[in-house]
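In the C-alpha cells that follow, a single protein chain appears in two forms: structure 1, then structure 2.
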Structure 1
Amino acid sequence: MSKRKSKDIHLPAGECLSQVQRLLRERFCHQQLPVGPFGFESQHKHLLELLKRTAVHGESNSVLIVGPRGAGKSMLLNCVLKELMEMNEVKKNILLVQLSGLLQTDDGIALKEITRQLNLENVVGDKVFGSFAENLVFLLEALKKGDRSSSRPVLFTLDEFDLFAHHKNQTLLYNLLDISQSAQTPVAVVGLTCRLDVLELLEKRVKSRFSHRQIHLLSAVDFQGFLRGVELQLRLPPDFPDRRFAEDWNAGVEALCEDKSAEAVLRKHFNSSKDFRSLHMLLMLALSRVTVSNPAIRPADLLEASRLCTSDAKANVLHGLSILELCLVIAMKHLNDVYEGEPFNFQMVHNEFKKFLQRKSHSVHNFEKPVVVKAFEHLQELELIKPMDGASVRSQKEYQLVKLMLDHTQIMEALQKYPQCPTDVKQWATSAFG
C-alpha cells in the first residue's frame, strides 16, 4: 500500500486479515477474551478471595455461581482459575477436579472421573468399596501427605450443577458438601448453574450442608457499557504484528460503534439479550463477511448479521411449503379462530379446505383426499402440528386430534412474504370466518 519506510513490519492485506480472523475467531468461538470478565469485577474479586483461602489456608468452602445462559459463568470461573494457578504458592498445592453435569450423568461415572483426575487409578486398583462415601473418603485420604494438617486442598468445579441434583439420592453432592463442612481434607466446591431455584432441588440434608454462598451474575450494564464491551471485543491488541493495520482496524471499530445504523442494530440486540454468547454470535456473523475487498466491519455487515440472527425459523419453513400445505395451514388457522384453540382433526381441516375450494378458489384445484392426507402428514413431520395424545392411541389417523403449533401472526406474516401466493388464498386467509 504505502511505500513509506517505517520501523513496523508491513504485511500484505490478505495476511493481515487472516491474522485478524484468527484472533477474533478465537475470541468469539473459543472464549479467549482479551479482557477479564467485563462488568463483574466485584464477583471476580469475591470468588478469587474465596478460592485463595482454600488454596493457601486450607479452608473448606462451597459456593454457587448463578446466572442466565451465556452470562459468563464459565468465563468468570476460568479467569479466576487461571489467575489462581499463576500464583506460586497455589500452583504446587492445589488439585483441580472439573466435573460437568452433562458428562457425569450418574455418581458412578462421576467417581471414576474424580479418581482419574486425581491420578489415583493405580492406588484404587481392584479395591471394592462398601459405599460411595467410603470410596470418596479413601480417595481424599490417599492425597494426604502424612500428617493431618498438611493435606492438599482439592477444588471441585461442578458445571451444570442442577443436573447433579437429579442423581439418585444426591450422593455425590451430599458427600462433597459434607466434606466441605467437616474438618477433613480442605475442599472447595464451586457449582455453576443457570437455575435460580437450584436450592429448591437439593434435599434437606444436602441443603443444610451447603454454605448458602451464592454469586449472582446478573448483568447490570447499560447500553453505553454494552457498546464499550463490543468495542473491546473487536479491538486488536497492541502486539499485533502490523501496527499500521491494527490502528486502521481499531479506528474502523470506533467509527462502527459511533455509526447511527450500527448503533440501532446493537441497541435492538441489547434490548433482547445482554449475554455474551449471543453477542459473540452476532459479531462472528459480521466478522465472517470481512474479506480483502471489504477489510473492515461495516454497519451493513452488522445489519445483515442481525437479520440472519433474528430471522423467524418457522416463517422460513412456511415459505417452503407447497400451496396445498399452505392451504391446510390456513384452514387450521380458521378452525383455531372459530373454536378458540380447541384441538381438531384431519377431517375438520379437510372439510374447511373443501368449503374454500367450492366457494372461492380459482387457482387451487381439487385434490384427491389421499393427496391431502399426504400433505397433512408432511406438516406433522415438520412438527408444525402436534398430536394431542401419544401415537399409542388406536384411532384412525383422520380423527386423531392435533394442535397447530403456529401463531396467528406468524402465519399472516409468512403469507405476506410467500413467493407467488395466489390472491384468492391470501384473501381466504385474511377473511374473518372460513
Structure 2
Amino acid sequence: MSKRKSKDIHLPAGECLSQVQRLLRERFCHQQLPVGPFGFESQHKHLLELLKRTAVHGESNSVLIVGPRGAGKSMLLNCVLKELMEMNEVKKNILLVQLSGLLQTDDGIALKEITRQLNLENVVGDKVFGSFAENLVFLLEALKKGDRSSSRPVLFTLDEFDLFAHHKNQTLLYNLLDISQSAQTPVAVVGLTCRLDVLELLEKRVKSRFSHRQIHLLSAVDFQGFLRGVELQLRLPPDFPDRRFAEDWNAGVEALCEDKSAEAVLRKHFNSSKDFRSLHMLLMLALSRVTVSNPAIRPADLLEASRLCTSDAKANVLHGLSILELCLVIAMKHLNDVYEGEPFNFQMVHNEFKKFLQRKSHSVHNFEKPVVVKAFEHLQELELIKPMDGASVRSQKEYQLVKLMLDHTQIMEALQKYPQCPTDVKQWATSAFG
C-alpha cells in the first residue's frame, strides 16, 4: 500500500487545471474520435464489413452515408477507417483517396488530387490522355503490384457527395462507379451527404452503376443517453498525472449531470440540437469559466454558457452601434408600431428622429442630415434594415421603402445591455407614442 501511495503524483492545482483544459480542448476542438461509435453500433458494423471485403478480399463496393449535418457521418467513417488500418492484412495493402465536393469543384481538379494522393505524379508525367476515363484507368493500372497479377484496393471517400453530382456530365462519379462494378480493380466508393434526395440528382447511367446501399444516421439517442455522452466528454482518463485530482474532477462531473438546474440546461440543448459539435461548443464555454478558485464546472457555468450559445446575433450587433444609429433603430421601431409593420423610408425615420431631438433629448447631438444618411446606410449594410423589392431604383435614396429586420423584444433587450445608454433614449424607446 505504501508503495502505491509513493507513486501518486500531486501537482499544484493551477497545473492540474491547465492540463485538464488542454486535454478537454483537444477533445472538443480537434474532434477526437470516441472510443466506440456511440449510438451507431449497427451502422459501424455494416460499414466495417463492407470495407473489409474490399480491403481483404478485393471485392468492389459503393455505399452512401446519409444523415443531417453534425449527425456523425465523418466520425463513423473515421472510426471504421481507424479500425481498418489497425488490421495487419489491410494497412499495407489498401490505398485511401479523400475528396470533398467543397474543394474539388470540377473533375479536372479532382483527378489532379487523386494523382497527388496516390503519389503518381511521376508516372503520369507529361502524358496526354484522350478522356477522363482513360486517365483514371491509367492511374489505377499503375497501382498493380509487382507481380502484375492483382491491383492494390483503393478506397475513395467523397465528402459532400451531392456536390459531385453537379459536375459536368457527372464524369467522375460515372467512372468511379463503373470501375467499382468491373472486376479488374478493387475499388470502394463511400459518399457522405446530408441530402436524402441525393439519388434523384444522379444521371440514369450513374444511378444504374451505383449499388443503392445506403447507411442512414438518424440519432436514436434519448436524453439519458445524451447525459451519458456529456459525462463521457467531460471525464478525465485513468492515466491523468494527478490521480486524486482526476477522481475529484470525475466526481464533480457526475454531480453536475445529476444536478436539476444543469439537467434543465442540457435538456433545453438536447431539444434544440442533438449535434455533438454544438454540445462541444457549450462544454467549451463552460470549461473556460473554470479557475483555481473555481476548480470544477458548476451548474451556473453551464447556464452562462447556454446563454452565450443561444444569444441573439442581431441583438448583439445592436450593442456595437453608435448612439445615432441606435436612435434611428428606435425611430424605426416607433414607425413600425404606428404603421403596424408597413414599410417606411429614410425621410420618415429622419422626421421621427428630429421630433425626438426637439421634444425630449438633451444628451443627443443634433446631427447634420448627411451624417444621418450615412448612419442609415450603415444599418442597411449590417442587414438590420432591408430594402423592399418593390422599391423603384430611380427614386431618391431618402424615399426608397425599407423594412426593419428586428422585433420589439430584440431592441428592448439590447437597450438594457447597451453600455452607458442615455436615459432619455431609453425613455423614448419605452414611450408609446415616440
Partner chain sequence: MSAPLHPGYADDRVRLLIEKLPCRETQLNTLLALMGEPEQYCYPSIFIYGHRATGKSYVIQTLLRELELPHAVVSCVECVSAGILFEQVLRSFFGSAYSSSNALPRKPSLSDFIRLYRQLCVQFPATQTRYIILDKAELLRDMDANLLPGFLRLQELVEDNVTVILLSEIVWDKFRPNTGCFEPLLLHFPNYSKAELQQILARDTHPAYSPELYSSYINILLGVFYSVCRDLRELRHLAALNFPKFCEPLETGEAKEKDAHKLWRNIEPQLKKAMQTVYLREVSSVQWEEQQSAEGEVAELRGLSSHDHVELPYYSKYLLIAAYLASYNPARTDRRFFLKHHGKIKKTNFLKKHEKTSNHLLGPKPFPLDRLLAIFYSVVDSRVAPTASVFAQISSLVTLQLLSQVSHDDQLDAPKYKCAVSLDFIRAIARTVGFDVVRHLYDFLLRPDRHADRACRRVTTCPLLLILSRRTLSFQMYAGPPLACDSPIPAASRFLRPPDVSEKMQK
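Not measured: the values here are computed from a predicted model. Between two forms, the rigid core is the largest collection of C-alphas that superpose within 1.5 Å. Counting starts at 1 and follows the sequence of structure 1.
In this pair, structure 2 matches the form predicted on its own, whereas the other structure does not. Fitting the two forms on the rigid core leaves the C-alpha of Glu325 displaced by at least 2 angstroms between structures 1 and 2. With the core held fixed between structures 1 and 2, Val338 has its Cα displaced by at least 2 Å. Comparing the forms between structures 1 and 2 on their rigid core, the Cα displacement of Ser261 stays under 2 Å.
Note on Gln416: its Cα is shifted 8.3 Å between structures 1 and 2, core used for superposition.
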